[in-house]
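Taken one at a time, structure 1 and structure 2 that follow are two forms of one protein chain, written as structure tokens.
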Structure 1
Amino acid sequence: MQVHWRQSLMSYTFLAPALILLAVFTFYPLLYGAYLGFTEYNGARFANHLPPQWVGLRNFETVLGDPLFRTALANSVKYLLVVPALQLASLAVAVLVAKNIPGIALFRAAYYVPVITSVSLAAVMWEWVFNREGTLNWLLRALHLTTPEAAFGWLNNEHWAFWAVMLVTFWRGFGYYMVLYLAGLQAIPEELEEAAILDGASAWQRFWRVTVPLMRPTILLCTLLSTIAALRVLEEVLVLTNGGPLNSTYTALMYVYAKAFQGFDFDYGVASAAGLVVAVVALLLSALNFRFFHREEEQA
């Protein structure tokens, strides 16, 4: 018993630095931000050294009654359309690059480059692609799909800006999820694949009946991560369109950022309330993902 107690104490001693960092930089800001959602706390109170004032659900009434927030939340939910496309493409390419052939490491690295590219550099590149005289319009003219007179700036068009920004998100996240899927594929025992080949299974049957069932935990992880990332998209919107044109790319996290750090009021209370609403939506979607994948496992 005494040895067990000493082992536990030693374990917590090694864990203490990481737990302290988590408590200070993760759990405390999370709990304090949730508390601010129920208070009135803005730049004026901060400048005058006044503490937050409890206002109950008033901030949530303000947020949910704001047409701009409803538009932003609707755009964030619509942004979830990138999730299935991103996951299917990442999984397909992961299957292709999982083969041990000469030079495949170069392709894996090339696919991962967008992940480590800074968002500011990516913004400069994609603005050049999407502008009126950019690469995309040049390609459409070369394919005779448009004329010089019909060309327009994709990021300045309220109907196309949203999809253009979504394409940038796809480009930036594709390599990240490909690596996760690649790790999952390499963890599948080769004996199972060989046994399926001996049983006469085709490549499609091996993929659908062997690979996919064993990849379900990885698929669930990647789906959850990409769902949450789509809901909290901010960087691409901020540097490419700043929410425009006509709020067509204005997302929920853009609303939170604007309330907290733009303008003159710095309304941290309303921003925190909006962030909590987004967090609740993310939790509900995560629960739906878990329920769907668990039902698939039960049916399997």
Structure 2
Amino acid sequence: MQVHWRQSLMSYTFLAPALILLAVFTFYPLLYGAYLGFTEYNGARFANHLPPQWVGLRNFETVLGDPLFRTALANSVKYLLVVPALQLASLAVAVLVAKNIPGIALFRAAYYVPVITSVSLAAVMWEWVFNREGTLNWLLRALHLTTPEAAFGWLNNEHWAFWAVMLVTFWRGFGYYMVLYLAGLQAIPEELEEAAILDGASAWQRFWRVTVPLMRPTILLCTLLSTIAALRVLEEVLVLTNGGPLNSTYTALMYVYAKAFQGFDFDYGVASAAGLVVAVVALLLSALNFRFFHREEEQA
């Protein structure tokens, strides 16, 4: 069927507002940000209304030669360990709470509360947990796993602060992914589950043979989202540890944030270059995710 040019024009007219908004607020900043990565554009140039000056790869040399950025990037990559834990846990709990049992709505809502809790409020709460005199040390003592003398502030310890912050990320993200998985679960036709029951499949078999394969697109989406979120982790680190101790929680996005918004000493060129390096890592990891799930699909 031939599409009349008027119909075509109509389609583009409807698309135009969204495309214009995308162009202005997404594509232009993205391209301009990428361009800035190859320029010198710091506070002094900015204040004197001088345009960005092309410097080629110099900012990338600066960023990659900076031990602080390398530590930050390594921390961000290490932070990806939260992804499988977060996905497995939220999928498992989504399966459990998908059943229509009395009071389950309250249970679901409770898991979602951390998603909408402000990070500063969450930070105050977790301070109480991780403090030397906090609830975590109290619990460990109550379980006879530690002594009062051995207690320490988890956020002040260079070996544990990273994992403590990661736990907060886990806590904040859990409800969000659980809701996405719940939506995915509700889209699975009930008859498939019923057929599996009739065939005598156990709950475990139904989960692995029916639920997981049908949930693959949702799992891919959630894994991608949480991979990108883990690479971009900033807020909780900023308010809980400010990157310390000994930069053990200093992430790549903190580096970008510090270079771009630190104050009058900002350097948009270096910040953009660092941002581009993080974006390339995120793209590579996303490609790996796609490849992994695609292969799984082929094998299935």
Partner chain sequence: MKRTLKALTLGLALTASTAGAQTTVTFWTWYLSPKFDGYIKDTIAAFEKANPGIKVQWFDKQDSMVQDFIASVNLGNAPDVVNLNIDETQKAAQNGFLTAVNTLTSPATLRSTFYPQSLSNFTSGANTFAYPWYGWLNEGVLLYNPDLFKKAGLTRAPRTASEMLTYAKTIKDKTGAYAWVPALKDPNTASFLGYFYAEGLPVTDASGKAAFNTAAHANLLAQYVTLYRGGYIPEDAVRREAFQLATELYAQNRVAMIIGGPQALTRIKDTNPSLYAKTVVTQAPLGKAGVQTGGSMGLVIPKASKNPQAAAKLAAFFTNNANQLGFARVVPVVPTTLGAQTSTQFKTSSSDPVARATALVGASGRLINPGYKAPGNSDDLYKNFNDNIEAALLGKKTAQQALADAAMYWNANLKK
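Here, a residue number simply tells you its place in the sequence of structure 1, counted from 1. From a predicted model like this one, the values you see are computed outputs, not experimental measurements. Note that the rigid core is defined as the largest set of C-alphas that superpose within 1.5 Å between two forms.
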item	value
Chain form predicted together with the partner chain, by structure number	2
Post core alignment: M10 C-alpha displaced by 2 Å or more between structures 1 and 2	yes
Yes/no, L288 Cα shift of 2 Å or more between structures 1 and 2 with rigid core fixed	no
